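Only one chain comes next, encoded as structure tokens, the form predicted on its own.
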């Protein structure tokens, strides 16, 4: 296994650091999958046990000026590493003004991602700062645990309000309850509400808009294309229960009442954690809701996509 990459452009380095920082605020540890075309940060929580899942995909060509990797074999041309994203974030933050940053998989006292930065200097003598970030290499037999989550057969898809506004609302609601109900419909409306024995509070968002079916189909197609090129692909979408309103292609049924709300009750701390960590500045932010089952949040940027799954609680 071999991996090395080089980032020269300062804007790319800053953007890459922001993405890593976002991931570090969502999870303490995760899996970094290195493929010839992408870097993927994966958190594979057991939704049945109340755990969240995360899938963050970066196109290497949009960040790295040089990128070389050799996987475990020609058939399985990938490398899977368990990393602590906070350690990566700290190392990258110290080299933001570097002339060039090299990232390499090395073997020191343990496997490491070595970050070597060439810093600007007034003399002819170059200055290089090196950080060794310990990682664990995940054996091939465990790769199936970190496959891409399937696109859920959601009941409603809606664009999110400004994330900063949403964060301010959730921050205030957290002081009143540990759980929050997210609900939305096909008329571009979303409500965030808490209900306790003492208080009931609801914040209404209107005119958010719903992603057109073609946009949803394109998103599904992009995810399927990624899966088809990966040895960790998950092609088996969960079957629909009888009478489910969701369509078979992963989108809401066209016969669904536009005013009917789909809702999910979630742990407010997990939603707050997602909102607090955002530094990606997405061009699009969407929310898919599978009624009383899961909230699927999607952030899209030019070169980054982030999916975050929060399971519903009873």
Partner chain sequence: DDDADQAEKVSKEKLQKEAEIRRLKEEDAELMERKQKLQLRVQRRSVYQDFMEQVVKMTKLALRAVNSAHSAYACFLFSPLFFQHYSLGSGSEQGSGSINCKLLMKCAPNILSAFVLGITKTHNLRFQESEALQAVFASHLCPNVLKAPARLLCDMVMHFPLSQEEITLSVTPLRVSLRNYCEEGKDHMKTMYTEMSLHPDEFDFFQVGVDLDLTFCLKELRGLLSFAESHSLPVSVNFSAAGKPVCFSVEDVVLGASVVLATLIDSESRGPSQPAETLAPVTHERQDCSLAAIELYTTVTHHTQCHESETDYLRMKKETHQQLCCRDECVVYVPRCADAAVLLMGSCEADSGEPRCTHAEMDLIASSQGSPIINPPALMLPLPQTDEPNRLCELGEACASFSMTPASSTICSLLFNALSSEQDSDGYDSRLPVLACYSDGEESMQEDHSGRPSL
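Residue numbers count along the first chain shown, from 1. Treat the numbers as computed from the prediction; the structure is a model and nothing was measured.
The form predicted together with the partner chain exists for this protein as well; it is not shown, and the discussion that follows is about that form.
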| property | result |
| --- | --- |
| Of 105, 79, 186, 133, the one that lies within 4.5 Å of the partner chain in the predicted bound form (heavy atoms) | 133 |
| Listed residue that, although the partner chain is not shown, lies within 4.5 Å of it in the predicted bound form (heavy atoms), from 172, 204, 127, 144 | 127 |
| Segment assignment from 87 to 95, 68 to 76, 158 to 166, 187 to 195: heavy atom within 4.5 Å of the partner chain in the predicted bound form | 87 to 95 |
| Residue 178: touches the partner chain in the predicted bound form, heavy atom cutoff 4.5 angstroms | no |
| Partner proximity in the predicted bound form: residue 110 to the partner chain, non-hydrogen atom cutoff 4.5 Å | yes |
| The partner chain contact in the predicted bound form: residue 119, any heavy atom under 4.5 Å | yes |
